Structure formats: structure tokens, C-alpha cells
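Presented below, as C-alpha cells, is a lone chain in the form predicted alone.
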Amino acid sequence: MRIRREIENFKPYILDEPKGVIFLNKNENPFDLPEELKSKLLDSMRKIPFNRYPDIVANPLREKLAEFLGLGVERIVVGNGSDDLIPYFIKIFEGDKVVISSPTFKMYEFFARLEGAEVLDIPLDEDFEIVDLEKHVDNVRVVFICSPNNPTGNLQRREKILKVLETGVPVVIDEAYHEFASENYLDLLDDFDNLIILRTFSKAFGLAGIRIGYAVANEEIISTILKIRPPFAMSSLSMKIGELMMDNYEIVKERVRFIIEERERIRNIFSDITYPSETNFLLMDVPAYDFLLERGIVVRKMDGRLSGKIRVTVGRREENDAFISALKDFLG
């Protein structure tokens, strides 16, 4: 038995969970579903025949998303979290290279290497903005742009994205955090057949444990993905929960407003060490990971170019207060 060498060299994406009391390390929404919604969900689950396979391409959720977004269902594909869809964007296009801009979401590189593609990394500049990607599209399969970017928190400038789209190369814009941002790029879909927008229910919707993601693109791209995607890939339960949350989107918006207010409260207190953010987390230029861990507060310890920094998820008010107090102690 011989395991492929490139797989042997992969490192785990998530290591053992550090011990703590307050977890501000995974960019999760701090709020679970309200009890009244859980009750509604349990009632609706009683009507689901568990012995039957779900819809073959998750059409009930696709149709609900189409109504929610004001788009045709033929432009939407859903997955078990947005990560689940990333490999398909790498599979379906021709070319040898996948373009990323580090520091960014690590799963783009992970799946590119798993698919045997060459990874061309054009790093972000000192302001964490993409740089001249339109000059690096020869023999490129797909370009990944995360906006707002994880782990830096900033939006990418529309004019820079347009330059890449105008080359005609397939471009995936990952909008996992768009609900917390001042801008998104959904309006560009009708102008660019090479644009794919990737989104998730894990952040603003608070459904990280349910695993729902979706992509929006032109009909040809979506139909191609559906041809190679396994049938029955999404459970009936996930679909039902996703539909329920879209029917109760006011709750999502209320919680997003709270998270943005708390984000800005933390940033204003530590403005000299905190980068601007349009997400539900903050990148902070302070080597406080170990100190906070000793206080029972788990944040994300950054490495590589961001070594010495931490990424902090915005939590509940009491969690944020505990973090603020501990970080003030660290700063003396």
C-alpha cells in the first residue's frame, strides 16, 4: 500500500482543541437558535420521513435560497458548509494553476494541492489588499478572493476585483462574512459569467454545527457542478433548518447588528493594536495567545506572516468583557 506523498505531508487543519472556558477562536456566531425556533424545528422534523433519501440535489433549499436572493434556482448550488463546494471549483475548470493571496483562508490551498494543481500565491500587500492578480492569469484554473478576508477582516476593493474579472478567468469570491460588511458583489453576477460567489450559513446565521453553504454563479457553472456532485449530498434536516432561518431572517439581522456593535466596541478600546474589520472577528497585533489561554480564553494564534498576532471572534457581551479585561491586564 502506498499513500500519495503530497497527502502524507498534509498537516491537520485543526489541531487538538485547546482547553478553555471562553472560545473566541473559530469565528462562530455566539448565539444558538432561540428556543421557540428550536420548537418549531422539532415540530417540522416530525413530518420528515427519515427512512427516505433527501431531494437528490437539495431543491427545497435551493428554491428557498432563490426566493431569498431574488435569483433563479438554476444559479444556485448548496453544500455541507462552503468548504464542501471549494473542490468543485477546482475540478471543473481547465488550467494548471490556482491563484490565492495569502494570508487568507487556508482551505483554498489545501484543496488545490489535493486536486494536484499548482498553487500560485500572490501575497496581499501591507494593507492586506490583493495586488495585480490580473497579471497572473496565464494557464490559471481559478482565482480565489476572500472578501471580507479571513483572517485579516478587510474587504477587497471593487476596482481591483473588476480587473481580475475582466480577464475572463474563473473567479471565486468567498463572502462568508458578507452580512457583517458594508458591501458585497452579488450585483456583478449578471455582468460576469466567470464570477462565482461563495457563502455560508455558519457565521451570521449561527448554523456552524449544521453545515450549510451555497454558491451562486451562471447556469453553466452550476449545472456542471451538479453533474459531478454526489446525489443526496445534503440531509433533509439541514435543508429544513436552513429554510427555517431564512423565514426568520429578522433574528439574523438583529444578531448581526449586535455583533457589529460589539466588534467596534472592542476595536475602539484597543484601536492602536487592532486592524479594521468588516467581519465577526478582529485581527490584533499583540502576542497574547498564551496569556489569554491561561485565563481560560481561547483565541486564534496566528503564524507565518501574521506571527505574533491573534484573531479574536466577537462573542457575547460577557465573553467580550472577560476578553477586554484580560487583554488590558496583558498590556499592563
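As the structure is a prediction and not an experimental result, all values here were calculated from the model. Quick note: we count residues from 1 along the sequence shown, nothing fancier.
What comes next is about the form predicted in complex with a small molecule, which does not appear here.
This chain is displayed without the small molecule, yet in the model of the complex the stretch 78-86 from 123-131, 218-226, 78-86, 238-246 comes within 4.5 Å of it by heavy atoms. Residue contact with the small molecule in the model of the complex: residue 105 places a heavy atom within 4.5 Å of it. For residue 165, no non-hydrogen atom is located within 4.5 Å of the small molecule in the model of the complex, even though that partner is not displayed. At the 4.5 Å threshold, heavy atoms of residue 259 stay clear of the small molecule in the model of the complex, well away from it. When the small molecule is considered in the model of the complex, residue 141 lies well away from it, no heavy atom lying within 4.5 Å. Scanning 156, 200, 101, 152 against the small molecule in the model of the complex with a 4.5 Å heavy atom cut-off leaves one residue, 200. This chain appears without its partner; in the model of the complex, the one residue of 234, 195, 176, 112 with a heavy atom within 4.5 Å of the small molecule is 176.
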